[in-house]
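Single chain ahead, by itself, as structure tokens, in the form predicted alone.
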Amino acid sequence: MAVQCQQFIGGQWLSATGKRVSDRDPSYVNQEIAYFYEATPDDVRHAIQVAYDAYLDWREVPAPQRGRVLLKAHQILSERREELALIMMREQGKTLAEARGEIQKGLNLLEFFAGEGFRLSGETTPSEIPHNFTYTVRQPLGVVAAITPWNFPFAIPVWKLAPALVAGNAVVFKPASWTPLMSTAIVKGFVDAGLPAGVLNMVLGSGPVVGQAIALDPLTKAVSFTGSNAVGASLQQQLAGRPIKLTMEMGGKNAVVVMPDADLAVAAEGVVGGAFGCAGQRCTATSRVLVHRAIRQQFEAACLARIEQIEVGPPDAANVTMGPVIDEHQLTQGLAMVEQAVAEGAVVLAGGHRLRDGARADGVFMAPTVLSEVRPEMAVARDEIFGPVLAMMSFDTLDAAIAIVNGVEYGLTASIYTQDIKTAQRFIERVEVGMVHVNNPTIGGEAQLPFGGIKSSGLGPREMAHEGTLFFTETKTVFLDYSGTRRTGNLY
């Protein structure tokens, strides 16, 4: 029987009155596993007001104590990690290994941000004025919004909620409609850790209804958004002119460059893992691979041999290493991109079709797809697909490869495989991305390192690391005069 998920406002689980939204297992789309009734704009306004009222008390709690609440949440969610991984496997379609990996990453983030309660420091600076003590402090913003996607339903909410909370803000959390069970489990972890009522609120519903209502409310002081470029652009336009902080992590068209001196076995493993892990549904997924013409045939053969080892199917089946895409729209979009690429001259080396046999009959499965003879001007080489499709291109010089990598609107992450440190360093210096990997896939990140991109991949400060906490604070500059004398004249 499907579980009804509810809104969480002011410490209470509440049903809303909006339209009914179904949550289905992408491996068995006829199975409804959960549902909810969408929040209304009135529900959102109530959540924001409740959050503001709670914020007035939460900001007075010393930051180290706020961090201890996060540390308790880390302990609780860690004890529930297997339950969380199983929820993710059913609701989002990750394999159990992938789900466990994401849960661990989220726990690492929560552990890191718990420690930020001891690191919310300002600085002292010498004043030009005698007997003046000048310094800065970091203070919370107030009510902040966290709008999160479906593809990393545990890690991404954690890396937004945790820094916002430890900094002393109250949060209104709008998760993706595809993952209400995981979002509910996250909120329960924070609540069970002792987070005061109203400090964390969750409203379920669509972006146009719920997300927009949160972002446009005058009490909302910051928005942290992860999602598509189309939604991000719309959000940016809606917030134009408002005195609000905004950070957005959006799409990617991530490339790997394989040089002639690369270890081809290592490179093929990294490219295939980066392209087809999580069914290619990662903003950091490898979508393009640029192979030096001298090793093209060898590398293609190495990749194809590795792809043959991928077993696609329902994650609860034995030996499956790649699950479904999230829904029919995502599948149709991926297949359409392949069809268009073939019409433009690309050659399908592997996949390119839907899988509907046996245990895959009731799910949304796409074969791991490799396209060769791709040219930089093709749509498949320029547009984000968010599915298991890899575009292969050739190059003759490093400069030519860098030009192709940079020749798209996105700039999230890129990778190069080479044994030459000079080549690696030149690539690092010139590639237009927010994150660079050398002899590693385009995927991955660590809690203590900033995450984010440039160009159309990101707007605003980076997430994760200390930068992720600072986004949720304001700097206050203090001038403390202890001279005991009245000052006159030009003090600027």
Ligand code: NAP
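The numbering used is simple: start at 1 and walk along the sequence shown. Keep in mind that what you see is a predicted model, and the values were worked out from it rather than measured.
Here the subject shifts to the form predicted in complex with this ligand, a form of this protein not shown in this document.
### Task
Specify the contacting stretch among 301-309, 206-214, 118-126, 257-265, defined as having any heavy atom within 4.5 Å of this ligand in the predicted bound form.
This holds for exactly one stretch, 206-214.
### Message
Test of understanding: in the predicted bound form, would Thr226 fall inside 4.5 Å of this ligand by heavy atoms?
### Response
Taking the distances in the predicted bound form, the answer for Thr226 is yes, it comes within 4.5 Å of this ligand.
### Query
Looking in the predicted bound form, any heavy atom of Cys278 within 4.5 Å of this ligand?
Result no; Cys278 lies far from this ligand in the predicted bound form.
### Query
Is Phe112 close to this ligand in the predicted bound form, meaning a heavy atom pair under 4.5 Å apart or at it?
Result no; Phe112 lies far from this ligand in the predicted bound form.
### Query
Does Phe451 make contact with this ligand in the predicted bound form, using a 4.5 Å heavy atom cut-off?
Phe451: contacts this ligand in the predicted bound form.
### Message
By the heavy atom within 4.5 Å rule, which residue out of Met182, Ala99, Ile156, Ala170 makes contact with this ligand in the predicted bound form?
### Response
It is Ile156.
### Answer option from Val338, Val325, Ala367, Leu412, heavy atom within 4.5 Å of this ligand in the predicted bound form
Answer to the contact question: Leu412.
### Query
Using a 4.5 Å cut-off on heavy atoms, which residues of 144-180 contact this ligand in the predicted bound form?
Contacting residues: Ile147, Thr148, Pro149, Trp150, Asn151, Ile156, Trp159, Lys174, Pro175, Ala176, Ser177.
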